[in-house]
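Just one chain follows, in the form predicted on its own, and it is written as structure tokens.
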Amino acid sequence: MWFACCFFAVMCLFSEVALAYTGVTIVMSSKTEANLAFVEQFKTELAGNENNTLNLKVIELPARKRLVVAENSELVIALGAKALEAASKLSHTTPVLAVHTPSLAYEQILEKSRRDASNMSMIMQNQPYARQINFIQLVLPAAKNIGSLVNGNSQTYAEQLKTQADKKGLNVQLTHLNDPSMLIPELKTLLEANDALLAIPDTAVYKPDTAQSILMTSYQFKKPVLCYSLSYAKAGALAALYSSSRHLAKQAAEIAQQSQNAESALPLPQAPKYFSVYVNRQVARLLNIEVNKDVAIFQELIATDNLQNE
């Protein structure tokens, strides 16, 4: 009897830390174009792996209801902060991977949930510091001063980026936008003092309803904008270094398959592994800026990434 009780206690303890799973549930905060593209690419990645044994289920976050999944036997991929918050309330033995969620929101949800960081991770929105700095210098090799508007969502990343840029001889000036009504005045001051504007993922600053104002003001000062989004670049920024939903899905599928039977925890939060480069040639002509071919910039970034990973 004593042995049976001890055995049961040990098995319960093991179940609290085990991360092996047989399926994946993707939970969408809503059916946005980005989320749907992620789902389709994730399916493609699994189908393309002949050794895949994971079952896949896709659900939209239920309104005003508790999220229900096959806890303890699935990896939950949460697309968006609302989906992540719901997933964080699942059993702590159910691993959760966050995508399309700002780092600050992720950290707040992780702290609130009291989860162990070993069973909750994320693919970050921000590009690695070195890749971002190399991108700036490849697109604008003569630029010495880069300005960026930041808020609480991007402050930590921006400050670290500034520190790393200093080592490469690139000055990054950060302006903290605490009052949305001061967007244009702060932007004008920043543009006057710098060679270009760097837009980074921060929903408090760079969002659809501010994009036109930011781009038009930058045109008035004849200063280029470097950004993180293909749509932002097509709308009028000079160039974008971006990881699309399809890039993120490919990385998430790799994490899902590599962690499926792992005895260790989920990997630590990761920067985007896959990316693309886009240069808006019309904007380059309007600003009289010569920029190398997209593919050449991309190949340089890949080579630099490889060197840094060796």
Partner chain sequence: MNNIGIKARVIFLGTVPALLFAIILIGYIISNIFGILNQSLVDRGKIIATQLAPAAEYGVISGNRQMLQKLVQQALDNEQDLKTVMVVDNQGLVLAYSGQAIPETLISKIMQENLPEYKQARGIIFSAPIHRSLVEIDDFSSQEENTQQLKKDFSPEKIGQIYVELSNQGLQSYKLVFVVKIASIALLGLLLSGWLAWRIGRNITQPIQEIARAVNKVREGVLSQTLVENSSGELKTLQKGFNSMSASLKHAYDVMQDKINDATSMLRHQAQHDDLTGLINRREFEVRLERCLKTAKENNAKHVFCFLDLDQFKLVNDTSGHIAGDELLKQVSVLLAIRMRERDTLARLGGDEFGLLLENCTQKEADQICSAIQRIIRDFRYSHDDKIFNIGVSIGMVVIDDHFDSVSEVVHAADMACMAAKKAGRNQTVLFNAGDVEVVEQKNAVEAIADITDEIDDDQFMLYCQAIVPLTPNLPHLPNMPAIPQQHHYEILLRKVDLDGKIILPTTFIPSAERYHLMPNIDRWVIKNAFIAYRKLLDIDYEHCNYIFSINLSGTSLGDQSLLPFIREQFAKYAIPPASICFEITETAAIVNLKNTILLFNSLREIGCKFALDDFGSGMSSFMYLKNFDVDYLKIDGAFVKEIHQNRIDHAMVRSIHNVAESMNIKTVAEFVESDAILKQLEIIGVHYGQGLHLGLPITVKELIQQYAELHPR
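Residue numbers count along the first chain shown, from 1. Quick caveat, the model's predicted, so the values are computed rather than measured.
Another form, the form predicted in complex with the partner chain, is not on view; read the next lines as being about it.
- With the partner omitted here, the stretch from 110-118, 213-221, 129-137, 167-175 that lies within 4.5 Å of the partner chain by heavy atoms in the predicted bound form is 213-221.
- The candidate site formed by Ala81, Pro102 and Thr203 is fully in contact with the partner chain in the predicted bound form, as each residue has a non-hydrogen atom within 4.5 angstroms of it.
- The partner is absent here, but in the predicted bound form a heavy atom of Ser244, alone among Gln260, Gln270, Asn55, Ser244, sits within 4.5 Å of the partner chain.
- Although the partner is absent here, Ser29 is a contact residue: one of its heavy atoms lies within 4.5 angstroms of the partner chain in the predicted bound form.
- Of the heavy atoms in Ser231, some are within 4.5 Å of the partner chain in the predicted bound form.
- For Ala143, no non-hydrogen atom is located within 4.5 Å of the partner chain in the predicted bound form, even though that partner is not displayed.
- Mapping the unseen interface onto this chain, Gly152 falls outside it, with no heavy atom inside 4.5 Å of the partner chain in the predicted bound form.
- Annotation for 168-205: interface residues with the partner chain in the predicted bound form are Ile184, Lys188, Thr203 [heavy atom within 4.5 Å].
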